[in-house]
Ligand code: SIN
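Given as structure tokens, the chain that follows is alone and in the form predicted alone.
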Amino acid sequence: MATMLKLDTRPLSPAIGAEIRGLDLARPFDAPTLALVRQAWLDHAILLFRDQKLTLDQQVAFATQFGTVGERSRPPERRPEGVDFHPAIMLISNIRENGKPIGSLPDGEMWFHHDMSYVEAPYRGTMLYAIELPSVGGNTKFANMYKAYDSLTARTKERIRGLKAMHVYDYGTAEQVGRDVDLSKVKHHAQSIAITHPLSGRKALYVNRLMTLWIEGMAAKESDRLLSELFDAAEDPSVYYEHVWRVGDLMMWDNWCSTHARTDFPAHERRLLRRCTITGQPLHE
């Protein structure tokens, strides 16, 4: 592939993200181009590549250029005819065969969340490729957690310094679990409320409405009040971009400094996207 001296980059919104044009992700990047894309990812947190035609193996090969590709920790879903299996790939789909979903996270809205914030070493990145889409809805909102942190008052920044919050997720539901959850039965980990991005060195807010249940060492009412304030900052319209998917879109996002949410869509219309991830590391304040 010819060296790209400069990427054709277009901002997606004032809040977050950029579209990169003119690259075929089915072919490996040369070293200079890869360096430019890596820097763009660090600068913009989310990158969009439109009009891609990727096989499963090509998507995984593309992801491998950015780090170690994570493998599924749960048994694979049923695969529809003509869709191959790969241990790194998760299908995000509401398509059902014999009444059972062929993929994960099949239906409806999902609140803002980081991917895998409930483990010790959260994923660095996620790459999602659109194959089939409903006529309306199923959009993804991406929020900039650098901007969310920066928007906090000096008093709030000082108040959250040194604090950790418990992140919990139950694979059996796409909804938030309650405070009475039995932690021995679900994935969970306490993370710093504000983290320093290991690569950029910038501070990012690291809480999300779907998975962050309480602040460690704080009374329930006080914890709920503070988290409500932080969630409002993390979901303010000024810090997010809403992406309307097109078939052939590949979106890659940085899970350390962004969150994402899904809007509702018609349950009777098919939706199929293919996801893979880049492994991460423990995060610290």
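Numbering starts at 1 and follows the sequence shown. Keep in mind that what you see is a predicted model, and the values were worked out from it rather than measured.
There is also a form predicted in complex with succinic acid (SIN); it is not shown, and the following applies to it.
The partner is absent here, but in the predicted bound form a heavy atom of L105, alone among V177, V186, L105, L152, sits within 4.5 Å of succinic acid (SIN). L128 is the sole member of I89, A165, L128, M116 with a non-hydrogen atom within 4.5 Å of succinic acid (SIN) in the predicted bound form. In the predicted bound form, N94 stays away from succinic acid (SIN), with no heavy atom inside 4.5 Å. Contact check for F66: no non-hydrogen atom falls within 4.5 Å of succinic acid (SIN) in the predicted bound form. Although the partner is absent here, T140 is a contact residue: one of its heavy atoms lies within 4.5 angstroms of succinic acid (SIN) in the predicted bound form. Remark: W245 counts among the residues lining succinic acid (SIN) in the predicted bound form, judged by a heavy atom distance of 4.5 Å or less. Not one of R38, R50 and F62 comes within 4.5 Å of succinic acid (SIN) in the predicted bound form, counting any heavy atom. The stretch in contact with succinic acid (SIN) in the predicted bound form, judged by heavy atoms within 4.5 Å, is 252-260, chosen from 29-37, 252-260, 223-231, 53-61.
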